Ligand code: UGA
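Coming up is one lone chain in structure tokens, specifically the form predicted on its own.
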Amino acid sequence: MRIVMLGCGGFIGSHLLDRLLPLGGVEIHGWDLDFSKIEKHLANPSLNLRQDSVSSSYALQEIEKEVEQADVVLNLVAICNPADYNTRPLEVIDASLFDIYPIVELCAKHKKWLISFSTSEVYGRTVASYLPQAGYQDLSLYELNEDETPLIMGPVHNQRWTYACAKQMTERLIYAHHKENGMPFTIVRPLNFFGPRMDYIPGRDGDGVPRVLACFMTALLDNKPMQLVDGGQARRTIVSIHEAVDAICLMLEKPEKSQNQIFHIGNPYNEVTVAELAELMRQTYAKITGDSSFKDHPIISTSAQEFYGEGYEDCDRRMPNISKAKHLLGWDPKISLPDVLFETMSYYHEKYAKSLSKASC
């Protein structure tokens, strides 16, 4: 199988390379600006890499040559950090829509199967969040169904929705090319993939505000309070990156089942509030370090405006219906949240805490 993978050096891409390259019979042509997460694969003869932005005119010429010969094109390109959505809105929109627009056009032109990674954020807020008196008693008001649930986002001045809107528009572009030009597609809506290499740690290998797990992990490493945005009442489901990669591999193995479909890849059995996640993380870190004091690590509340800046608005709940992935792909995630957290946090501890202690000696 000949695969073009855009964004191959990121969190998901690096784990896909881990899984696909050892299989044999797979040739991957990848683009990314950063190869630090895939250094161990750089000498692999089955991997042909270009260190370039997919939006450059030169890259597009090269990408078209590869698309013509590809069996499938995987789009993993995005700026997917909530802290950027309302602070770098133009870059966020460009990365998820305008930079990808020519790639979709190339796939349509050559009738190539495009697997594009979107986001569960396209749903915005649940219907239940606009009917607070109803709460979450009625499953139909909050459970997400790929082909039926409405996409409800806030007003334009809440720029937190730039990422979600850009991803939604890309989905609509892909679907339009399928209907008008016969382009085969698969859209993946991830729901909080956790695992090693998922994010940077500020002050070590990045700056700014990362996603929630890395924010909490940074607080634990630096012995600072874990900050809950608006009390941490938002609810999320979390799935292991390994099981997410299982799902993607099943899509590649079963094109007759996965083409022209939208799939949730998430674990509805691993739902927590962000406040519960903070509690689980400090308990887990106490186990990893053998230091029981982490069980009482300080947790404080802050407002969304203080933490993320003006124009931020949160999704209240993301509960995926995964019956389509179960039925068509035979995929059903099993790894528990405590196990996902233990593996992910152990990786961060090994990489960052030990280097920090050596530096302080």
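Sequential numbering from 1, following the sequence displayed. For clarity, every value in this text was computed on a predicted model and none was experimentally measured.
Although it is not shown, the form predicted in complex with the named molecule is what the next lines describe.
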- prompt: For the chain shown here without its partner, which stretch in 126 to 134, 244 to 252, 147 to 155, 187 to 195 has non-hydrogen atoms within 4.5 angstroms of the named molecule in the model of the complex?
  reply: 187 to 195
statement: Contact with the named molecule in the model of the complex, heavy atom within 4.5 Å, among 117, 216, 142, 285 goes to 216
274, 201, 221, 108 - the one with a heavy atom within 4.5 Å of the named molecule in the model of the complex: 274
field: Contact flag, residue 227 vs the named molecule in the model of the complex, heavy atom cut 4.5 Å
entry: yes
query: Within a 4.5 Å heavy atom cut-off, is residue 112 in contact with the named molecule in the model of the complex?
result: no
Residue 121: touches the named molecule in the model of the complex, heavy atom cutoff 4.5 angstroms: yes
field: Contact of residue 331 with the named molecule in the model of the complex (heavy atom, 4.5 Å)
entry: no
query: Quick one: which residues from 40 to 79 get a non-hydrogen atom within 4.5 Å of the named molecule in the model of the complex?
result: none
